[in-house]
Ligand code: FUL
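Before any questions on binding or motion, here is one chain by itself as structure tokens, the form predicted on its own.
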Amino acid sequence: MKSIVYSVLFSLGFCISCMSVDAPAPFGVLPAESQVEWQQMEYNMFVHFGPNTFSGDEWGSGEEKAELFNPTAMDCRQWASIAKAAGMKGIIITAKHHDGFCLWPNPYSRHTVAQSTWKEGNGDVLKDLSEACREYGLKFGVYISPWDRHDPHYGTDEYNDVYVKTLEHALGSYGPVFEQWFDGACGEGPNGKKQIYDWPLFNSTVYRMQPEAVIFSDYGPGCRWVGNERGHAGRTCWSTMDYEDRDTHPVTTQVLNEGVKGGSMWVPSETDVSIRPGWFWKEHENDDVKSLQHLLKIYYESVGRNSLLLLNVPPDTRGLIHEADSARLMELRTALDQIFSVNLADGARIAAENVRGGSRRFKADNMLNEDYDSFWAADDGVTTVSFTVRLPQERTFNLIQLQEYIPLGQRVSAFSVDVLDKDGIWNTIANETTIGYKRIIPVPEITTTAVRVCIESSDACPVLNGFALYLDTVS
């Protein structure tokens, strides 16, 4: 009886001790809740659609007649069903590209679907797509270019107010908008002049109309351009940047690609790339859809490098996603399911050199469970530490996945990965820098019974909520 009492008291005392250990204090600038939710989407569809679809141009002149836009069988439910089947979480459409043509009946423009012959001027692409997104459980986003090669106000003091009214109408008429996409292009308008954009006014308008929206532009503030259109974030990729005003703090493409360590703003990168050579559909590109292997490489170098993948899939002149694009997306979905359905670290035992306060609340095993908010953490002041994963048997893999718990900040700046060989010797197979929301490291195929991750540099105690091993037999 006495031993039972002692056991109960010991267990109670241990649990109280665990509960008394505080979580690490947040480090540096932190993401907003909407930015965390945005990052967790991982993979979205971009839709470039408009007069350029019919003219074959990438950038329209603004002089195209409205009747040029006339899809013969447009079906936004087809787009949404394909996006859903592909594993995407949202769709962003070019509601207004640089040519100024609006895919909705914008009352502040005379260059819209209302002036076209499509549906006798009664069509509304944004209405159709937003409804389709809701039906298929997808989030809805809009691209509204501030450049306008048609509007006569462009290049004058009046244009910024006209553009704000355009934003207000688009953002206030179709339900929740998860992302507002601002292209950074700024060319001449009909009067031969360029516009000085009022970015503070534009951003405040978005937040007034859609408070939870993440704003994309070259430099943020919600998320930033990755610095290229080839589909890859930097091997070093911080979610932080260090500037306030794009006009007085020019940023290089390298900085956009890699971010800024210890930056004062949380502005994660978004990797926008097209499934085809161009952004708008062209018939002669039907045989040039990116290969499955190319798309997997893009996935590893975007989602797998602390970025979000925004893959452009342009509808054709029918207003449908072409069969070649759809087939490739389904191949990609099948491959991703095959690769990531089995975590080869399942059943493993993880031991860390340091566990915060010795508390089970922050045990290393938390990196293997499905709870996003459950994590391993080290003690304050511990910035160099390792953990070892003992597999239940020999496992063969070529992908290593790590995740930091970004609600408490991005911390790790250098780490390496070792594997144990048959002679009991640790061999290094990867040396990397940042982790962030998700890091996927491709390595040569290897078979082992143990993996060791060494955090070699961290700006504060490491906080990781994910570890996994996978085998890609497709690439």
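One rule holds for the numbers: they count along the sequence shown, beginning at 1. Owing to the predicted nature of the structure, the values given are computational and were not obtained by experimental measurement.
Below: the form predicted together with the named molecule, not depicted.
The named molecule is not drawn, but in the model of the complex it has no heavy atom within 4.5 Å of residue 196. Within 4.5 Å of any heavy atom of the named molecule in the model of the complex lies no heavy atom of residue 276.
By the criterion of a heavy atom within 4.5 Å, residue 75 is excluded from the residues contacting the named molecule in the model of the complex. At a distance threshold of 4.5 angstroms between non-hydrogen atoms, residue 258 is out of contact with the named molecule in the model of the complex. Contact check for 37, 134 and 178: none of the three has a heavy atom within 4.5 Å of the named molecule in the model of the complex. In summary, the region of this chain contacting the named molecule in the model of the complex, judged by heavy atoms within 4.5 Å and restricted to 389-397, 262-270, 184-192, 368-376, corresponds to 184-192. In terms of contact with the named molecule in the model of the complex, the residue from 111, 363, 98, 282 that brings a heavy atom within 4.5 Å is 98.
With the partner removed from view, the residue among 157, 337, 229, 346 that has a non-hydrogen atom within 4.5 Å of the named molecule in the model of the complex turns out to be 229.
With contact defined as any non-hydrogen atom lying within 4.5 angstroms of the named molecule in the model of the complex, 143 is the only contacting residue in 139-157.
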